[in-house]
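Single chain ahead, by itself, as C-alpha coordinates, in the form predicted alone.
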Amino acid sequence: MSGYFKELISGTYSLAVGLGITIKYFTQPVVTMQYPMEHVKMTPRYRGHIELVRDEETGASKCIVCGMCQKSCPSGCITVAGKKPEGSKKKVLTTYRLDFTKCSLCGLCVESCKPGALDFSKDYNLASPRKEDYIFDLLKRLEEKS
(Lines give C-alpha, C1' and ligand atoms only; values in the text may rest on other atoms or scores of the structure.)
Protein backbone atom coordinates (compact mmCIF):
# COMPACT_ATOMS: atom_id res chain seq x y z
CA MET A 1 0.00 0.00 0.00
CA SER A 2 2.90 2.39 0.69
CA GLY A 3 4.08 1.98 -2.94
CA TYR A 4 0.65 3.14 -4.10
CA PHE A 5 0.83 6.41 -2.12
CA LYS A 6 4.45 6.95 -3.09
CA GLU A 7 3.51 6.65 -6.78
CA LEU A 8 0.49 8.91 -6.30
CA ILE A 9 2.62 11.62 -4.67
CA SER A 10 5.39 11.43 -7.32
CA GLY A 11 2.78 11.57 -10.11
CA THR A 12 1.10 14.61 -8.52
CA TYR A 13 4.50 16.30 -8.11
CA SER A 14 5.43 15.72 -11.79
CA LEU A 15 2.00 17.05 -12.85
CA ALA A 16 2.56 20.21 -10.77
CA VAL A 17 6.04 20.71 -12.28
CA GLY A 18 4.64 20.32 -15.82
CA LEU A 19 1.79 22.74 -15.13
CA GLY A 20 4.28 25.23 -13.64
CA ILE A 21 6.36 25.16 -16.84
CA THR A 22 3.23 25.53 -18.97
CA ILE A 23 2.00 28.53 -16.97
CA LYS A 24 5.47 30.13 -17.10
CA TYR A 25 5.63 29.97 -20.91
CA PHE A 26 1.93 30.82 -21.30
CA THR A 27 2.56 34.32 -19.96
CA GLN A 28 5.58 35.00 -22.23
CA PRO A 29 5.24 36.58 -25.71
CA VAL A 30 4.57 34.33 -28.70
CA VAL A 31 7.54 33.56 -30.96
CA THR A 32 5.64 31.58 -33.59
CA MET A 33 5.06 33.31 -36.94
CA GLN A 34 1.79 32.86 -38.76
CA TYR A 35 3.59 31.77 -41.95
CA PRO A 36 1.40 32.60 -44.92
CA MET A 37 0.45 36.00 -43.50
CA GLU A 38 3.82 36.91 -41.95
CA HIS A 39 7.20 36.53 -43.62
CA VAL A 40 10.64 36.17 -42.12
CA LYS A 41 12.87 39.24 -42.50
CA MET A 42 15.92 38.06 -44.42
CA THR A 43 19.38 38.82 -43.10
CA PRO A 44 21.63 40.95 -45.35
CA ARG A 45 23.98 38.00 -45.91
CA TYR A 46 21.27 35.56 -47.08
CA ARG A 47 22.24 33.79 -50.29
CA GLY A 48 19.37 32.70 -52.51
CA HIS A 49 19.67 31.87 -56.19
CA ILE A 50 21.55 34.30 -58.41
CA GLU A 51 19.96 37.22 -60.24
CA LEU A 52 21.12 39.76 -62.77
CA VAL A 53 22.00 43.27 -61.62
CA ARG A 54 20.55 46.25 -63.47
CA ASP A 55 22.81 49.03 -64.76
CA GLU A 56 21.58 52.35 -63.30
CA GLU A 57 22.52 54.37 -66.40
CA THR A 58 21.00 52.24 -69.15
CA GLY A 59 18.43 50.21 -67.22
CA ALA A 60 19.61 47.01 -68.91
CA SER A 61 21.64 44.20 -67.43
CA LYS A 62 25.31 44.79 -66.60
CA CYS A 63 26.18 41.45 -68.21
CA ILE A 64 28.74 41.70 -71.04
CA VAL A 65 28.23 38.06 -72.11
CA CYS A 66 31.79 37.01 -71.30
CA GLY A 67 30.63 33.56 -70.15
CA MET A 68 32.85 33.43 -67.07
CA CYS A 69 29.91 32.53 -64.84
CA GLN A 70 29.03 29.64 -67.11
CA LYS A 71 32.64 28.41 -67.22
CA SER A 72 33.18 28.68 -63.46
CA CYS A 73 29.96 26.87 -62.48
CA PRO A 74 30.85 23.36 -61.24
CA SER A 75 27.23 22.22 -61.56
CA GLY A 76 26.74 23.39 -65.13
CA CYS A 77 23.46 25.06 -64.29
CA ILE A 78 24.03 28.39 -66.11
CA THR A 79 23.43 28.96 -69.82
CA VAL A 80 24.43 32.33 -71.29
CA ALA A 81 23.88 33.46 -74.87
CA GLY A 82 24.28 36.78 -76.60
CA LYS A 83 24.54 38.35 -80.01
CA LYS A 84 26.48 41.23 -81.43
CA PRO A 85 24.19 43.74 -83.14
CA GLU A 86 25.40 45.19 -86.41
CA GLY A 87 27.38 48.37 -85.86
CA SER A 88 27.85 47.74 -82.15
CA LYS A 89 31.12 47.03 -80.38
CA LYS A 90 29.67 44.94 -77.55
CA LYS A 91 27.57 41.81 -77.33
CA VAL A 92 24.01 42.07 -76.04
CA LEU A 93 22.62 39.47 -73.66
CA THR A 94 19.78 37.49 -75.24
CA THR A 95 19.42 34.51 -72.89
CA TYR A 96 20.45 33.88 -69.30
CA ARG A 97 19.06 30.60 -67.97
CA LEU A 98 19.57 29.18 -64.48
CA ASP A 99 18.61 25.59 -63.71
CA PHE A 100 18.14 25.87 -59.97
CA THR A 101 17.61 22.12 -59.60
CA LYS A 102 21.34 21.66 -60.29
CA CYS A 103 22.66 24.76 -58.48
CA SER A 104 24.67 24.12 -55.31
CA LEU A 105 24.71 27.82 -54.25
CA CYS A 106 28.51 27.81 -54.13
CA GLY A 107 28.76 31.41 -55.36
CA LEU A 108 31.60 30.86 -57.83
CA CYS A 109 29.58 32.50 -60.59
CA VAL A 110 29.12 35.68 -58.53
CA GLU A 111 32.82 35.75 -57.63
CA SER A 112 33.99 35.25 -61.22
CA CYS A 113 31.73 37.99 -62.66
CA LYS A 114 34.11 40.93 -63.23
CA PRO A 115 31.51 43.56 -64.22
CA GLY A 116 29.41 42.72 -61.14
CA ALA A 117 26.40 41.65 -63.18
CA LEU A 118 25.41 38.86 -60.76
CA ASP A 119 24.27 38.96 -57.17
CA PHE A 120 22.39 36.68 -54.79
CA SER A 121 18.64 37.18 -54.58
CA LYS A 122 16.60 37.30 -51.40
CA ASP A 123 14.03 34.76 -52.68
CA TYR A 124 13.65 32.03 -50.10
CA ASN A 125 10.12 30.75 -50.52
CA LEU A 126 10.66 28.48 -53.51
CA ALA A 127 8.29 25.55 -53.39
CA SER A 128 6.69 23.71 -56.26
CA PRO A 129 6.02 20.12 -57.27
CA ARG A 130 7.14 20.84 -60.85
CA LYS A 131 10.77 20.85 -62.01
CA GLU A 132 10.00 23.46 -64.69
CA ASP A 133 9.30 26.07 -62.00
CA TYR A 134 12.97 25.98 -60.98
CA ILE A 135 14.38 26.81 -64.40
CA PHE A 136 14.65 30.58 -64.35
CA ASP A 137 15.05 32.96 -67.26
CA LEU A 138 16.96 35.64 -65.35
CA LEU A 139 16.83 38.16 -68.20
CA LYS A 140 13.04 37.93 -68.29
CA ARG A 141 12.89 38.28 -64.49
CA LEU A 142 15.04 41.41 -64.68
CA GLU A 143 12.74 42.95 -67.30
CA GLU A 144 9.66 42.13 -65.19
CA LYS A 145 11.11 43.96 -62.16
CA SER A 146 11.21 47.28 -64.00
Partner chain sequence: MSVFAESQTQETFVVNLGPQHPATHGVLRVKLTMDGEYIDRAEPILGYIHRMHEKNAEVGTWAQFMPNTGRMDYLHALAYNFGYSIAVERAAGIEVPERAEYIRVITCELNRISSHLLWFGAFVLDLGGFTPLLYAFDDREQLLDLLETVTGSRLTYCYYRFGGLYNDIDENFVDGSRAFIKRLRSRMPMYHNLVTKNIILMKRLIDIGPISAEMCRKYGATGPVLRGSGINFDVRKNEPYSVYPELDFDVPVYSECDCMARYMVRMDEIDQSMRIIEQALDKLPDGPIKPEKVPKLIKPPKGDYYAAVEAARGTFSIRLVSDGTNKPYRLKLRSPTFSNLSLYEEASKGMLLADALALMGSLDLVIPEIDR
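These numbers were taken from a predicted model, which means no experiment stands behind them. Residue numbers count along the first chain shown, from 1.
Here the subject shifts to the form predicted in complex with its partner chain, a form of this protein not shown in this document.
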- Query: Picking from 77-85, 90-98, 57-65, 24-32, which part of the chain touches its partner chain in the model of the complex when contact means heavy atoms within 4.5 Å?
  - Reply: 24-32
- Using a 4.5 Å heavy atom cut-off, state whether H39 contacts its partner chain in the model of the complex. no
- Message: Considering non-hydrogen atoms and a 4.5 Å limit, does its partner chain approach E7 in the model of the complex?
- Response: yes
- Partner contact for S128 in the model of the complex: its partner chain, 4.5 angstroms, heavy atom: no
- Message: Suppose contact means any heavy atom within 4.5 Å; which members of 49-87 contact its partner chain in the model of the complex?
- Response: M68, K71, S72, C73, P74
